[in-house]
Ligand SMILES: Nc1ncnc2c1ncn2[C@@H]1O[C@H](COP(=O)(O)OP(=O)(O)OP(=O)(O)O)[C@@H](O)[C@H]1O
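Coming up is one lone chain in structure tokens, specifically the form predicted alone.
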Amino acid sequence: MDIVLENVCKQYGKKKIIDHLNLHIPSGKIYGFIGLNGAGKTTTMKMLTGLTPVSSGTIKFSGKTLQEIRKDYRAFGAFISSPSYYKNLTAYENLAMIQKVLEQPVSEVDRVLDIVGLSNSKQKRVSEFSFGMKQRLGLAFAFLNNPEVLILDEPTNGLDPEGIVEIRNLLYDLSKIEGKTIFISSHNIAELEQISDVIGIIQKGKMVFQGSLETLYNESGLSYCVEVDDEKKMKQFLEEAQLSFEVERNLFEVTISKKDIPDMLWELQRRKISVYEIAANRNLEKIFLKIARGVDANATGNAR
């Protein structure tokens, strides 16, 4: 199931939170949604689930409106902000209650508890859960009834490194093996970089990038990490060539186009500068911050 947002706006009084947002989440793919605090990520996710109504624009799930697909309890599952639980009930009882309301098999509860690694704690009261366990239980709610679409806001928040890897692998399998469409927001950009098919960057309620990671790397201008034997000679060359760089000891991060690398290496060889290693610096976090700060700088410049 693919999801399309067209010219979606959200306004509270005179304050526009989401500004003509156009977004396409392809069917069966993992869409990584990133932005600074206050950029509009959670508001967008709440509009996708109907928790917050749009002020204008349209949201379609494979051509159907949100009102049409909400009739299907298997359409989507969501994990947004901090889920609420009945703390005096066990994990099993919390999930079973939802199933009874939906008039769906309670046997589904054991399946989702196993998926999120809470089978051994299913008879434990939620009031006794750690923050990480509550996060896992929130994911169990989202996975109930095997939904086609998963909308997840900070799903690995509070998990230990092992838990983060487990959830990452789970989401990857749900997308690649079971064909689920997954829309995920996280401040853990390195995690999104590992599993996302598509990246969307939102800033001040507007989309500033949407596409594959490879496209983002190419459009933003890749830098390359170059390790050499002579820092002084390398600095002199880069300054003469007017190439932007950062350096830490003998490791340089050089902003240069791919097609110009052979000429750079030839010149380094001519200057008797030995190159130990050169590698593309595919760092989503760094690129994201560069884009976000650039948008802020432009906005400030326009305001003047």
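All of these numbers come straight from a predicted model, not from anything done at the bench. Position 1 is the first residue in the sequence shown; the rest follow in order.
Another form exists, predicted together with the named molecule; not displayed. Remarks below refer to it.
In the predicted bound form, no heavy atom of residue 242 sits within 4.5 Å of the named molecule.
Using a 4.5 angstroms threshold between heavy atoms, residue 29 stays clear of the named molecule in the predicted bound form. Taking the partner from elsewhere, residue 176 is found to have every heavy atom lying beyond 4.5 Å of the named molecule in the predicted bound form. By the criterion of a heavy atom within 4.5 Å, residue 206 is excluded from the residues contacting the named molecule in the predicted bound form.
Checked against the named molecule in the predicted bound form, the candidates 17, 284, 292, 23 yield a single residue with a heavy atom inside 4.5 Å, and that residue is 17. Proximity to the named molecule in the predicted bound form, defined as a heavy atom within 4.5 Å, singles out one entry of 134, 125, 233, 187, which is 187. With the named molecule left out of view, the stretch that reaches within 4.5 Å of it through heavy atoms in the predicted bound form is, among 247-255, 58-66, 260-268, 34-42, 34-42.
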